[in-house]
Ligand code: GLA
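Quick heads-up: it's one chain on its own, the form predicted on its own, in structure tokens.
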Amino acid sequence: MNSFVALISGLALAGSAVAWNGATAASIPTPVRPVSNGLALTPPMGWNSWNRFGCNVSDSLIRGMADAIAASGMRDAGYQYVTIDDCWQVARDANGTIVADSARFPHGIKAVADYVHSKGLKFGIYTDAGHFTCQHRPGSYGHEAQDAKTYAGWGVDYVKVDWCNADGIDAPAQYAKIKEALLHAGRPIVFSICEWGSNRPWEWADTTGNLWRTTGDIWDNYQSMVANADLNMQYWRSAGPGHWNDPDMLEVGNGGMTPDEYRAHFSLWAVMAAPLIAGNDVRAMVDTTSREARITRSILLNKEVIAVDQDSLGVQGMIVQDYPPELQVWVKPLKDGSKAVVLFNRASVPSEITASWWRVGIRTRKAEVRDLWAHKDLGVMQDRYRATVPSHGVVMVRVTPIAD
């Protein structure tokens, strides 16, 4: 039995006031350390250019994506940040100010930010803590305060800071320097640390950034998605309002996984309270005649699953049952006292998975169950919930205890 299982089960059985049952105010976990900038009190939601477009970024792409995020329903579902990843920058001028690619961004970055804001969205940008970015564009090393003020002047709301070309640099100290630069830039800016878990950020980044990568880059395939989930789930103690573990961006809609695998991807990110940063071509989602577009919309716009991710209690969920190891039960306590429960089938065939109330952390014998993908109330169940789960797929339910 892992430590989270021991905690959630032991406390529930003992009837402790700090059990994950949400029955009293004393039972609500709180962050160990205060949030420094008051931002990202729930995991950030938005879109980033890298997964689908790589270096092929431009003014027209970002404006088109902002249009599509508004038109597709993503904005109304909670996706806020539209972020340009690497390759927007080409040089520094004589004063050291970062310069955007004038061919790709002929009107400058501020004009793009203004357009994104006009759509009721927020604007994000990318840099690197080292001397150069991963695509060998100018990094922010030695220009931390200058870049932060430049970004604030452009109207930037979110900065992703990578870790390429940073040999010999101390990560906690360098990211702390960037944090201070952003705090004094004159504009609230969410700080996303992207050093891939190389320097154990779960041990120090909760007082530095609003989110930090716990994994290497995700790829658009099932094996990569599961590997990142397995790594990220280990650090559940470090997450909380304003500071989140980040297993990397979403691949939903990019074509490398089946619909069941994409639903699993989205469900696992939600139950882990991970940032929900889409990486697909959102413009394709507007096509109501496309089956692929309909599936992608049904996943990315599932407001019941999004509500689990965005729950204000801010607890990262964890595996509480994995025997046999291919058949897993994940649980995330929610502020209203209910539990989000994901039955995840890693086997190659459809399989039955059972979640017992005591293992989920529910102390009553009866509970109401709602299927978050079928959007259907399943009724009152006693002692357990059982379902047949598709291969590489999930069944995700919300379980609400009923007082005995």
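Predicted, not measured: the structure shown is a model, and the values here were computed from it. Start at 1 with the first residue shown and count on from there.
Keep in mind that the form predicted together with the ligand is not shown, yet the notes after this line are about it.
Within this chain, His243 is remote from the site of the ligand in the model of the complex, having no heavy atom within 4.5 Å.
Taking the partner from the other structure, the ligand in the model of the complex has a heavy atom within 4.5 Å of a heavy atom of Asp85.
The closest heavy atom approach of Trp196 to the ligand in the model of the complex falls within 4.5 Å.
By the criterion of a heavy atom within 4.5 Å, Asp217 is counted among the residues contacting the ligand in the model of the complex. For the residues Thr150, Gln135, Gln310, Gln234, the 4.5 Å heavy atom test against the ligand in the model of the complex is passed only by Gln135. For the options Trp330, Phe123, Trp212, Tyr126, the one in contact with the ligand in the model of the complex, meaning a heavy atom within 4.5 Å, is Tyr126.
Stretch-level contact analysis of 301-309, 155-163, 105-113, 256-264 against the ligand in the model of the complex, using heavy atoms and a 4.5 Å limit, identifies 155-163.
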